[in-house]
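Shown below, as C-alpha cells, is a lone chain in the form predicted on its own; questions about how it binds or moves come after it.
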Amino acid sequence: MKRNGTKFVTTDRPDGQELREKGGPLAGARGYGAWIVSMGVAVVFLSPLLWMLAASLREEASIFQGGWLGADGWTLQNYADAWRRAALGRALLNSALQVLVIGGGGLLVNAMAAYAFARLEFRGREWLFAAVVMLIVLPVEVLAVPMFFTVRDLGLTGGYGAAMAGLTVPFLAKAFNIYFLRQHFLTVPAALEEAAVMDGAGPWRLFWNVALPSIKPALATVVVLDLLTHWGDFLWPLMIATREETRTVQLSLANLFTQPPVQWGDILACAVLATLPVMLFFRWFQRYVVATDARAGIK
C-alpha cells in the first residue's frame, strides 16, 4: 500500500518478509554482517571451552602437540582416571549438596527478609536496610577469617555433617540477594495484596501466595547466581572441608595439580565434568534470568 509516495508495510506474515523487503539488499547485508560478527565473537569466547573438551579426549602425549586434532590419539581414559583419582563422584555430590542447601534454604531466608524490608513497617527498618546494602561491598576474603573462627567455635569443622553445615550455614543469608529481591517485591502491585487482605489473608499468606509467585523470575535468578558462585567456590571449602570425604569438586580438581603424576588429560577431563552441571543448570533457568532482565529494562 502506498500513500503520498510512502510505502506502508505490515508485519502480518510471521517470517517478517515484508520488513526485509522494505530494507532492501542493504538491510539483508547488514543482517548477515551482524550474524558473522556474532559468530566470530562466540567462537573467540567459546574457543577455550572447545579446546578443553577436545584436549580432555586426547592422550597425554598428544595434548600439546601441533596436530592434536588429528585422527589418532583419541581416548576416554582421561575421564576414567580423573573420576578415580579425584574421587569425583563424592566431590560432585558434596558440591551439589552445598549449592542445594544454599540455594534452597537461602532462597527462603533471603525472600522473607526482603519481603519484610519491602512491606512490613517496623522501627529502624531504613537504617537496618542501609546496613544490609553496605555489606554488599565486602568480599568474602575480608570475612573469611572471622567467619572461620566463628564456625570453628560452633564445632562445624569436624565430621561430614558438621563440615557440610560449615560450608552452607554462613551463606544462607546474603546482602545482595536481600537487596535484589526487595527491589522486586516493591514492584508487586499493592492492589493484589489489598484484595488478598479483603479475602482474609494474613502476612504469611500474602508472602507465600501473592508476593512470591509474582517474582518467580527474580527467585530463579538468585538461585542461578548462588549456583555459579558456590559451585566454583574454592577459598571457603579449602578452610572448612579439611577431610577427604568432605572435599568439593573444586578442591578435587586442585588436588590433581599436586597429586603425582600430574596428568593434564586427567585435569582437563575433571574440569569438563565440573563445568558441565553448571552449563546444564544455567541452560535450564536461562529463560527466567532473561525474563528478569527484560522486566528490569521495562521498569
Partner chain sequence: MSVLCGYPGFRVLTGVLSVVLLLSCGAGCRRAPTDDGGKKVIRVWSHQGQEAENRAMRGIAKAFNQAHAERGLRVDLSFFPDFQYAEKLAIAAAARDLPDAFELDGPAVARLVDAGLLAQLDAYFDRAERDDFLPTIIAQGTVDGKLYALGAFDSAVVLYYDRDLLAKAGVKPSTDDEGWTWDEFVQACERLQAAGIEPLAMHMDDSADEWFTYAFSPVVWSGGGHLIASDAPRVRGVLASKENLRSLRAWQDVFTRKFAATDPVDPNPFGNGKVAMDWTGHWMARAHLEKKGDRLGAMRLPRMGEKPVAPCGSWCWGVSTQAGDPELAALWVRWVTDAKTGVEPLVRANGAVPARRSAFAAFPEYSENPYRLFREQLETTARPRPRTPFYATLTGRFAAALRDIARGADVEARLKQAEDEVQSVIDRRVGGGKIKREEKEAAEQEGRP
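Source: prediction; values computed, not measured. Residue numbers count along the first chain shown, from 1.
Just so you know, the form predicted together with the partner chain exists too; it's not on screen, but the next bit is about it.
Residue contact check for Tyr160: one or more of its heavy atoms lie within 4.5 Å of the partner chain in the predicted complex.
Residue contact check for Phe148: one or more of its heavy atoms lie within 4.5 Å of the partner chain in the predicted complex.
Mapping the unseen interface onto this chain, Ala241 counts among the residues with a heavy atom inside 4.5 Å of the partner chain in the predicted complex. The shortest heavy atom separation between Leu100 and the partner chain in the predicted complex exceeds 4.5 Å. For the stretch 110 to 129, the set of residues having any non-hydrogen atom within 4.5 angstroms of the partner chain in the predicted complex comprises only Met112.
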